[in-house]
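One protein chain, two forms: both are listed below as structure tokens, the first as structure 1 and the second as structure 2.
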Structure 1
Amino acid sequence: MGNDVLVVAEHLKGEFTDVTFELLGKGRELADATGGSLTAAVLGSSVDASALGAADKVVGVDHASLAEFNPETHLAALVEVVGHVDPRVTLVANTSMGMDLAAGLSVRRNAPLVAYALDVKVEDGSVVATSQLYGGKIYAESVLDGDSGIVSVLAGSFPADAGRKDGAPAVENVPAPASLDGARVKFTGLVEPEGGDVDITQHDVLVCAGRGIQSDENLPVIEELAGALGGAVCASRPIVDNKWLPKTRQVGKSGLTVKPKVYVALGVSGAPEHLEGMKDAELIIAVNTDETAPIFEVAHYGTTEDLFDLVPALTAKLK
């Protein structure tokens, strides 16, 4: 009740996802600013919540059907937790998992939902969320009605560090709803991407090799940087035309459109056909010795440093 904030903790393969910590950091800030407490909702089976120290407490449902994310069981369990905590605002990640929860929670709880949020704050007792709409062309500030709302937040909106704090908060489990035993949706397994067939549209970090890499012999240097960033290597058209990388890696008009959180363009001039495929990346860093290269028009940061000097130095710093 009152000004309590609930963050839905998302976990995959036994670890809380980065966005969980982003939400916890923001949730902590909102709770502290309004005199409320911060609760993390943990839906799982014997989940270790000791990484959730940013929260004052954990309210969870512990049940075998929650071990892996399941849109049906996790929603049913979340509805119970929200009913128990009765928070002022529930923060859900606008991720693949969160999209299966937020709208359903809105209907079950008859509570407002604002999605695609980049920011959320409490002003004079009202929850206000800023959404990124229309492909990022438009922002909308929404005021949520009533005294209990849901905001689904785009991953990467807040620093995760603010929410990383060890120290096991007290865990209270609420009873699992009966429906968990008869779920209509069954999880049957995780499918890992096949090696050699990278889906660059699914990566948060992309390092793009352009004509400026000069030779396929230089690809390992680029791959090392991508590895240090936890990302994948993509390419502009000349690289693919030269058969240095497969077509599945091509970004641009005749390749794929990508919107990663981070896009590092190495030796990419930035032809319109290329820009079309990547200009909506959240953070673009361009390296090109030609200071008039059009890539610098869309990049947030740029440098004319020689990529063969810069990339190894950068990789070393990131490791």
Structure 2
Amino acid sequence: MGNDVLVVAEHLKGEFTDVTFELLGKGRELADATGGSLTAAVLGSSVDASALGAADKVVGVDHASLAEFNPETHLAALVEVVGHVDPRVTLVANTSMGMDLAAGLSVRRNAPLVAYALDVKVEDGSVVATSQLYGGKIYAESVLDGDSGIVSVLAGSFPADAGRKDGAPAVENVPAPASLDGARVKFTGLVEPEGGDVDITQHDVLVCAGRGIQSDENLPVIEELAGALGGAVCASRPIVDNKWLPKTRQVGKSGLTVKPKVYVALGVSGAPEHLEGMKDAELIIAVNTDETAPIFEVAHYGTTEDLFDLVPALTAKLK
């Protein structure tokens, strides 16, 4: 049985996504534990792989039909790469692209697939993946039996910086399968959503408005605190569902994953879907009058004071 680890590199418009570097960092850890090497699979057309310095080598398929993501052509190319590398474990992002590839690869290679993974490690020589199910209500551990397996990893599970390494990995191209020229699925165009007024993933300080703010008329109080902190306002799902803030401000499983230095949760109950999007913030401060609110389970500091008493006083103090 081989001990190599393969990471499927995901890229869009010529740029590798953050989750690619998350997987490379974890892949390096696994390869060191198994005594194997780390390979990055790059599927595309004239893709610059120099950013993948964490990998020992890059194995790719370069073909015009791979210029834009197409589940049919990319799966066919990935099967060729996996057959060439023959890794012990293949790491795929649990994204819209990755979900199109992981299940098909599992069938084509007759290899077990563990999806929605939050962690992957080697224990007593076995590869063990921990998955999050039912919005975080259940955590399941799976051992990948056999000579190889596939793990589909949730974005944000590992630090991306661990996979950002300088270097020039050797690049090896695998011949493109003949089926790429006769693909039935054709890419016609990329429709991008309109940009939001604020990119909450780029802010070091976030103040989150939850159901406890009661009304959109109270948003200015939250915005004033965020301004005093030099941050931005984000929201839990009920705020967005009520159309008090746009979808681009939503944090959680159905929104965005954020990792700010400071996350202030105001009137946020802390449903599993929300916690999934912000639990890795460096400092979490929760304000909720319900002392049993789940948000307190992840908060570093918390208070049950009424936010409408606390926030104006805190804002005045900051100013």
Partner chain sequence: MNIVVPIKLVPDLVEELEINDEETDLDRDFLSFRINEFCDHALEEALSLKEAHGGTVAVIAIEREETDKVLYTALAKGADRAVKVTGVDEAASSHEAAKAMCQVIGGMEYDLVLTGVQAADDRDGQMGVLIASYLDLPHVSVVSDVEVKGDLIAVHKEYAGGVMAAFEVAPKAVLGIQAARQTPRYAPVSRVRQIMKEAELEEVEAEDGGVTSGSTVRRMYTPEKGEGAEMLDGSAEEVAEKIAAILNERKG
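Between two forms, the rigid core is defined as the largest C-alpha subset superposing within 1.5 Å. Just so it is clear, the model here is predicted, and its values are computed rather than measured. Residue 1 is the first residue of structure 1, and the numbers go on in sequence order from there.
task = Would you indicate whether the form predicted alone is structure 1 or structure 2?
result = Of the two, structure 2 is the form predicted alone.
ask   = Core-aligned, does Leu24 move its Cα 2 Å or more between the two structures?
value = The answer is no; the displacement is under 2 Å.
task = Align on the rigid core first; then say whether the Cα of Val58 has moved by at least 2 Å between the two structures.
result = It does not, since the Val58 C-alpha is displaced less than 2 Å between the two structures after the core fit.
ask   = Is the C-alpha displacement of Thr39 equal to or greater than 2 Å between the two structures once the rigid core has been superposed?
value = No, its C-alpha moves less than 2 Å.
key: For Tyr263, CA displacement between the two structures after the core is overlaid, in Å   = Taking the core as reference, the C-alpha of Tyr263 is shifted 7.4 Å.
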